[in-house]
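Here you get one chain, nothing else, as structure tokens; it is the form predicted on its own.
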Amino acid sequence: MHIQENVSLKQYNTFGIDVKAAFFASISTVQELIELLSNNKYPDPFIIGGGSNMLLTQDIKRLVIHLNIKGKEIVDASFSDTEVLLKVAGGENWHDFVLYCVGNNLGGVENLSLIPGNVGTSPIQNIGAYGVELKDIFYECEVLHRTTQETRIFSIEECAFGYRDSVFKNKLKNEYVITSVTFRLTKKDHKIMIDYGAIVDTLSRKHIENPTLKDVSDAVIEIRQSKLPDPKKIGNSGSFFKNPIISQKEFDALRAAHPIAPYYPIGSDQIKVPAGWLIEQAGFKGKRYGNAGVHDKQALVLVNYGNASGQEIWNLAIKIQSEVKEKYNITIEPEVNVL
């Protein structure tokens, strides 16, 4: 394990922001992580995984630890008649993990194909797409306390998952490092989820009536590639904003002024409104401001056209928030962590 000095983090964040880490180390074992966290020479280290859910606006004047722990193992093949438990190390790439599951006939994650980032950060914001959230397949995760270096297990109840939320994002923020996640996956009698229109349309166009796990995964990949930019080609972190959830009263006011506003009911008195629609209607879709901009195919995605600073992108995000609030009286919040 080698600690480097003054290292660019451009290749370690999907926005491609060129900020520097005062010190940097990439670790591949939990023991290496414990050694660094317990080293008093480097107080309050910054942990980075796939770098997909962050916007770096400044240099990090401390040790940056790149979590690169790998490994997958079935820990209980007979968890139930139809399910297995698969333990996956935090440093595994999320999409590679999904493809591994699809290739081994393990169901539950296929709708979450092509989401950027690593497995270890997936529970923090309860990632989700096309009708499936991480909590739907989550069994438990193993974590390491940043200060005491004690290991413990968090159950699904203890994680307190919500919409793009968990205990690790608020109450216990920055207290633990997730070193592995154990998933509850189907090995037969798969529950194929194709309720979202885009998946249905894609499968119909291919004349697929009884889709397999791979069919669903392929459809999701095709959909995402058609409207989301590849971070390897143009810097981005996927959806920058969360879809706002408003009360029925607030929604009635929105629909009165904007009858075509799309929506998704949640419970008896909550409505989810697509943030992308709000941003697009506010006139931002496809707009470029210097080296920062809003993607021309998906208004939820802010992009770095090559040389944008994190602050430039954040300034654009603030501008979008302000104008959406002024036009619709709805507050949209970032899904990414701004640092």
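All figures in this text were calculated on a predicted structure; none of them were measured in a lab. Quick note: we count residues from 1 along the sequence shown, nothing fancier.
There is another form of the same protein, the form predicted in complex with a small molecule; it is not shown, and what comes next is about it.
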**OP:** Counting non-hydrogen atoms within 4.5 angstroms of the small molecule in the model of the complex, say which of 241, 94, 168, 183 makes the cut.
**Re:** 241
**OP:** Could you tell me which one of 161, 154, 130, 138 places a heavy atom within 4.5 Å of the small molecule in the model of the complex?
**Re:** 130
**OP:** Could you tell me which stretch in 22 to 30, 278 to 286, 308 to 316, 62 to 70 has residues with non-hydrogen atoms within 4.5 Å of the small molecule in the model of the complex?
**Re:** 278 to 286
**OP:** Verify the contact flag for residue 262: yes if a non-hydrogen atom of it lies within 4.5 Å of a non-hydrogen atom of the small molecule in the model of the complex, no if not.
**Re:** yes
**OP:** Would you check, heavy atoms only and a 4.5 Å threshold, whether residue 102 touches the small molecule in the model of the complex?
**Re:** no
Subject >> Contact test in the model of the complex: residue 196 vs the small molecule, heavy atoms, 4.5 Å >> reply: yes
Original post:
So in the model of the complex, does residue 228 come within 4.5 Å of the small molecule, heavy atom to heavy atom?
Top reply: yes
Original post:
Any chance all of 274, 298 and 335 sit within 4.5 Å of the small molecule in the model of the complex, going by non-hydrogen atoms?
Top reply: yes
